[in-house]
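This document opens with one chain alone, in structure tokens, the form predicted alone.
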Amino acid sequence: MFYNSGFLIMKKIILLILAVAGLSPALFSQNKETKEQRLEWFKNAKLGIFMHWGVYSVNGTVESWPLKNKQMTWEDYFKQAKGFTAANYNPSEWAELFRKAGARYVVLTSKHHDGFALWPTKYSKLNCVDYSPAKRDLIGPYAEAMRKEGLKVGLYFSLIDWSHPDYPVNFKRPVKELKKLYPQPNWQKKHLNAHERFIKFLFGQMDEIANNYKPDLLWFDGGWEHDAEWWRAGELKDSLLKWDPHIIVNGRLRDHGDYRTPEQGIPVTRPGGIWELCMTTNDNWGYRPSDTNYKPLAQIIRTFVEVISEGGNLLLDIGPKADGTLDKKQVEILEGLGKWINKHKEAVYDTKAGLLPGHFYGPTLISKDDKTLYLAIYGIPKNYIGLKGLKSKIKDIRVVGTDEHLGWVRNGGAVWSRIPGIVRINVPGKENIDKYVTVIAVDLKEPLKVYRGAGNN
């Protein structure tokens, strides 16, 4: 009797386990986010801050590339590590500045191509704790400070490591020293080839970053040196999503990124899909005191407006000094950008890409509910502001960030062919012309509709 009842109980338990196992894939698939869901916050972010910080900040050397271009020996390049103190590192001050600048996310270099890591990785002693006077983790405090200010945390990571003894390079390196800096288990040396050992190292560091700091965004670089198969890019992306199903990845993980990342040059035509432009404030990514060729604030604001009008984000770069402080000019630029964004925030965060070319001579943005069209104006317009092809009825026209409302008339057009006339908008008062970019809001009585035809004979 006892045997029969125990058998039945065990049978029920087994059936229950099998049933749950059968259901689990469906349950997991319900919780798994789509790419569009993962990217939702990024699409609305508009502005990010890029930070290149490493040993190259000490003497104002170009980051990593002097090694590849054989302009410096490995030994001379890494002598700079002795001056990487982070003595005045205060990520809370960074975060407050970035929030005031209008940023919604920040990307810090965890490791550039030179291999120097800003966290105490167990896979390499070439890091800020073991190989510099900073002697502390620099990623953890950064991530915590950004999150306290409501900013998404991004980490740049170079797939390349030009210091790793198993990574192929075209320049001389101190092999014996590097083997000490990159300790490896004996079984790896015996049973894995150089490529396999490097991939183990790469995945190990990714595991540390993803699970210790839980970044919202991983910004890869360096993938161009090898193809996706060499990097095991698909497997790496799968691992990242397993560790954190919400994470997003830029487009430089060889065919496995979530969005596009053009660099420095503003796209002339609208890029497809979700994208960001990464751009320096001067001519260099890292801190270089000799580089005083800063872009004027007017250019940076116009670039920002043009990028978001095409549906992208601007990832604006600054380079902290070796002690962790920021150059005064970079701070001024961020503060100036923040003032403009704060004044025009309704046309920034709650908008999407604007009209296609032909309707207005300048960037435009459209509110998410399609009820307001924003016109960006450079300089002082003459006579009137022209808008072509607008079919929707207008409720009001106003100057964003001011109390001024503008008059307008609509004339011309061909009603019989449903071709709307040109909207002539009055010029704002001189006191309401913004020093950098003036924004006009055209509030509509109905969702935006435009004419895109070529006219009739």
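Keep in mind the model is a prediction, meaning the values are calculated, not measured. So that there is no doubt, residue numbering starts at 1 and follows the sequence shown.
The same protein also has a form predicted in complex with alpha-D-glucopyranose (GLC), omitted here; what follows describes it.
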{"item": "Leu217, Cys278, Leu355, Val348 - the one with a heavy atom within 4.5 Å of alpha-D-glucopyranose (GLC) in the predicted bound form", "value": "Cys278"}
{"item": "The single option of Phe98, Phe116, Trp285, Phe304 touching alpha-D-glucopyranose (GLC) in the predicted bound form, heavy atom within 4.5 Å", "value": "Trp285"}
{"item": "Partner-facing stretch of 82 to 90, 337 to 345, 107 to 115, 287 to 295, counted where any non-hydrogen atom is within 4.5 angstroms of alpha-D-glucopyranose (GLC) in the predicted bound form", "value": "107 to 115"}
{"item": "Touches alpha-D-glucopyranose (GLC) in the predicted bound form: Asp221 (any heavy atom, 4.5 Å)", "value": "yes"}
{"item": "Contact of Glu263 with alpha-D-glucopyranose (GLC) in the predicted bound form (heavy atom, 4.5 Å)", "value": "yes"}
{"item": "Residue contact check: Trp41 to alpha-D-glucopyranose (GLC) in the predicted bound form, 4.5 Å heavy atom", "value": "no"}
{"item": "Residue contact check: His359 to alpha-D-glucopyranose (GLC) in the predicted bound form, 4.5 Å heavy atom", "value": "no"}
{"item": "Residues from 59 to 90 in contact with alpha-D-glucopyranose (GLC) (non-hydrogen atom within 4.5 Å) in the predicted bound form", "value": "Glu63, Trp65"}
